[in-house]
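In the block that follows, a single chain appears as structure tokens, in the form predicted alone.
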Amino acid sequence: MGETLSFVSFVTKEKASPTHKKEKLMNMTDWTLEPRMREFELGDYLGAAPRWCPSCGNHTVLKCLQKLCKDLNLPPEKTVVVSGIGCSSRLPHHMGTYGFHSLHGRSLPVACGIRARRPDLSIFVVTGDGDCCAIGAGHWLHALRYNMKMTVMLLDNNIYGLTKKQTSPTTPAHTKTNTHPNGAPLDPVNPLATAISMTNASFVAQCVDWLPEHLYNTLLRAQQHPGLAFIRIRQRCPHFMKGHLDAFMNDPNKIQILTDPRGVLPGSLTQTYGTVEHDPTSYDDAMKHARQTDPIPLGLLYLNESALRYDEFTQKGIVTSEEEKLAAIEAELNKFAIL
């Protein structure tokens, strides 16, 4: 990996006089620095060994993300994974890229700050249903509105796993938890409908952790999107929510694949699951599928590629030289000069 020095002779095949050679070398360098195409392997994206529970859906997400980085040949030093707090938010530790393990609910403002001044980076955000939809809800909504280029993965297992089975915003009503031993009293937040309804939202998709082919294709489609791509990943928690998604895993009739040329490639899933044609540019159709709970719709629900991107404004002035910055400061200070 890296760059290689390539020594190039400037002497032609015709016999040249010593004087001619000397003049040539005085006016031109006898070597050039030629960047070589860097090709990365899967091992370049491996970080610390995962410590999640066996069968946790986080393992699938991690492997799909690592494979995506390899297939797209993303330079590890130009890739950053940002997270908040929770089981899913350990993911940056397991990537061989740059990472930022931020405060509870603060992954998105950190990611937006990075995007604002580093347009050259590939940014992935990992957040959980509590991290995103509870303490981070305000940041979540405004990040959707800012529509800055990044891929946001909501790993939704419907429970606070790190704090040992507390009711989260997406916990189904009547589910017994340690904070509600008699059952959660309220209906859950719908992350898909909430995201689609937010002003300037541009990409909302859904997938599940036990179908890695579709999960990978969803990440790939999201990475191609020019703005913020929000993906809700329905995920198993084998310890605190054991069996809560078994019915959807075991019955093909409970999964519905959304198909459209602008959407997520269904891959081999059409051999097992039912499909429905869906126009992701239709707000009404997107909201209809977002409210659908049985069967679970998988694919790209909503797409608005004409949505404005706030990072196109924040990037102004990035290439300003030090001299120009100092001149601008002097010009502002001169406004207060007493003549």
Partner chain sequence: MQIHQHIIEFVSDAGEGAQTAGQCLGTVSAKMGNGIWTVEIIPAEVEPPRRSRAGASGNRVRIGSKKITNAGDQADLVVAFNEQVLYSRFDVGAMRDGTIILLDDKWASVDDENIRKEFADAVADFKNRKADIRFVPFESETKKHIKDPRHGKNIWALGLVCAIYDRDLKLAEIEITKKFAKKSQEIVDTNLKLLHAGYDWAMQNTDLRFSIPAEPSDVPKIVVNGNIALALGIMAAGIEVCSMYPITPATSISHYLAEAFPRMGCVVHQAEDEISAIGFAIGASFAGKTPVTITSGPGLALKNEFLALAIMAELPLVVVIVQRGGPSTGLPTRVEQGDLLSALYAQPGDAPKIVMAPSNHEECFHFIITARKLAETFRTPVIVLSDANLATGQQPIPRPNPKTTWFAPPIDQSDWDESVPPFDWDPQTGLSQRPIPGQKNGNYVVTGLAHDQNGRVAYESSINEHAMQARSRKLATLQHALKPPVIHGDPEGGDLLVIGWGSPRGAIEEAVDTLRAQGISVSSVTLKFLSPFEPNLKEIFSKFKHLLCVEINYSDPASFGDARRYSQLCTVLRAHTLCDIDCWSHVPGIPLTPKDIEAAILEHIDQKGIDKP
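Note that the structure is predicted; figures quoted are calculated from it, not measured. Numbering follows the first chain given and starts at 1.
A second form of this protein, the form predicted in complex with its partner chain, is not displayed here; the remarks below concern that form.
- Item | Among 86-94, 257-265, 190-198, 169-177, the region lying within 4.5 Å of its partner chain in the predicted complex by heavy atom distance | After filtering at 4.5 Å, what remains is 86-94.
message: Residue-level contact is defined here as any heavy atom of the residue lying within 4.5 Å of its partner chain in the predicted complex; does Tyr216 satisfy this criterion?
response: The answer is no: Tyr216 has no heavy atom within 4.5 Å of its partner chain.
Its partner chain contact at Lys165 in the predicted complex, heavy atom, 4.5 Å: Heavy-atom contact with its partner chain at 4.5 Å: absent for Lys165.
Problem - Residue contact check: Arg118 to its partner chain in the predicted complex, 4.5 Å heavy atom - result: Contact check for Arg118: yes, within 4.5 Å of its partner chain in the predicted complex.
Q | 4.5 Å heavy atom contact, Phe248 and its partner chain in the predicted complex | A | Outside the cut-off, so no.
- request: Identify which of Val80, Met241, Ala184, Val208 has a heavy atom within 4.5 Å of its partner chain in the predicted complex; exactly one of them does.
  value: Exactly one residue meets the criterion: Val80.
> Though its partner chain is not shown, can you say which of Lys149, His139, Arg221, Arg236 has a heavy atom within 4.5 Å of it in the predicted complex?
Replying inline: Filtering the options by heavy-atom distance leaves His139.
Can you confirm whether Ser102, Glu322 and Lys325, the three residues that make up this candidate site, all sit within 4.5 Å of its partner chain in the predicted complex, judged by heavy atoms? Each of the three qualifies.
Hey, which residues along 171-202 are within 4.5 angstroms of its partner chain in the predicted complex, non-hydrogen atoms only? Result: empty, none.
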